[in-house]
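Listed next as structure tokens is one chain, alone, in the form predicted alone.
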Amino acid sequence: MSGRSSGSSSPVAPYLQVAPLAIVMIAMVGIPLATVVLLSFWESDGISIYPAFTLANYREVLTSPVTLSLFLKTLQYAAITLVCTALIGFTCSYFLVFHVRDLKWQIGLFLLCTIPFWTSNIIRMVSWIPFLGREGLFNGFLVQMGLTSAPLDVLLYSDFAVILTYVHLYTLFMIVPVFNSMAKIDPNLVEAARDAGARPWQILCYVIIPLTKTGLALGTIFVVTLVMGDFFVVRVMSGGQSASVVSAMKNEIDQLYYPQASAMAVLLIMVVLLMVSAVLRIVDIRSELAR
């Protein structure tokens, strides 16, 4: 009886199960995104928006040296932040998995990495200003130790401050997936490689890193998308001396040039999607997670 009822279940049932999530995704993501794409083809004079189809917004963005330089600057921020967070995240995860044997200590040290995230991103970002400023703690330490004769201006309101803040804010997004992937590595594989005469760097390159590529790929997606979509850190930590694509979009919105801002948003989404697609082509995350 139960077998007959299960075999005669309606083919519409799977669609009904997916429908609530699909409706939410369409309402919260699909419709706003479609609105931005549609708006990017409209015209604007800074006062009113005209629903006339035009490619002028995209032509202006793609031919503007300023806009292209902002895209390159944003990609530069994302690349440097990615390298720094990958090195820090991999090192911390490697230490926790292969050098901390006690599970309680592993959990405790891992939670210690999450403590800064118990506070607001804005608070953690602004806390660098009194530390890196000309009269800040770090410059005071350098002058008192005789390492510099005057405070360093490069520490704050510069690209260094922007990247340092990005690394501070987003390193945990690399540590979590890398630690999760590394914790699944069978210790017997490492012992077998060591017994076979492999050196530590060979074990790292040919055993640990290949088995951690899923975590590195997920961390890369998290970090890149977060950096590419940020403008507040650049505005505050650069002191207005630098900018990103999103900060330029914010300026266009403030001046009521919504179509131009929408065109920049669409191009930025395309760039991020291309980067994420490249990562997914290198690492098949779904098949790796299914193991």
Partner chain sequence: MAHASTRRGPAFYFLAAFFALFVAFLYGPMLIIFLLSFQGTSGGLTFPMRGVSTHWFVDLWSSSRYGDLGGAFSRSVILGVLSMLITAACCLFAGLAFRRKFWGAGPLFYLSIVSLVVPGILLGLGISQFFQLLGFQLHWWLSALGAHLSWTLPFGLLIMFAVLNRFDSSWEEAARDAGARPAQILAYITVPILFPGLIAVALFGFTLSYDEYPRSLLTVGGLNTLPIEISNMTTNVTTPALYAIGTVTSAISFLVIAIAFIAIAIIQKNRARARGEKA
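So that the term is clear: the rigid core is the largest set of C-alpha atoms that superpose within 1.5 Å between two forms. Residue numbers count along the first chain shown, from 1. This structure is a prediction, so every number in the text was calculated from the model and none was measured.
From this point on, the text means the form predicted together with the partner chain, which you will not see here.
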Taking Y15, L33 and T225 as a possible spot, do all three reach the partner chain in the predicted complex with a heavy atom inside 4.5 Å?
yes
Only one of 70-78, 144-152, 129-137, 201-209 has heavy atoms within 4.5 Å of the partner chain in the predicted complex; I'd like to know which.
129-137
May I ask you to state whether N188 is within 4.5 Å of the partner chain in the predicted complex, using heavy atom distances?
no
Is V279 close enough to the partner chain in the predicted complex to count, meaning some heavy atom within 4.5 Å?
no
Using 4.5 Å between non-hydrogen atoms, is R124 touching the partner chain in the predicted complex?
yes
Residue contact check: F231 to the partner chain in the predicted complex, 4.5 Å heavy atom
yes
Select from the listed residues L82, M182, L216, L96 the one whose heavy atoms reach within 4.5 Å of the partner chain in the predicted complex.
L96
To verify the annotation, which of these, V66, L55, A52, M28, has a non-hydrogen atom within 4.5 Å of the partner chain in the predicted complex?
M28
Could you list the residues in 168-184 that come within 4.5 Å of the partner chain in the predicted complex, counting only heavy atoms and keeping sequence order?
H168, T171, L172, F173, I175
Rigid core superposition, A22 Cα moves 2 angstroms or more between this form and the one not shown
yes
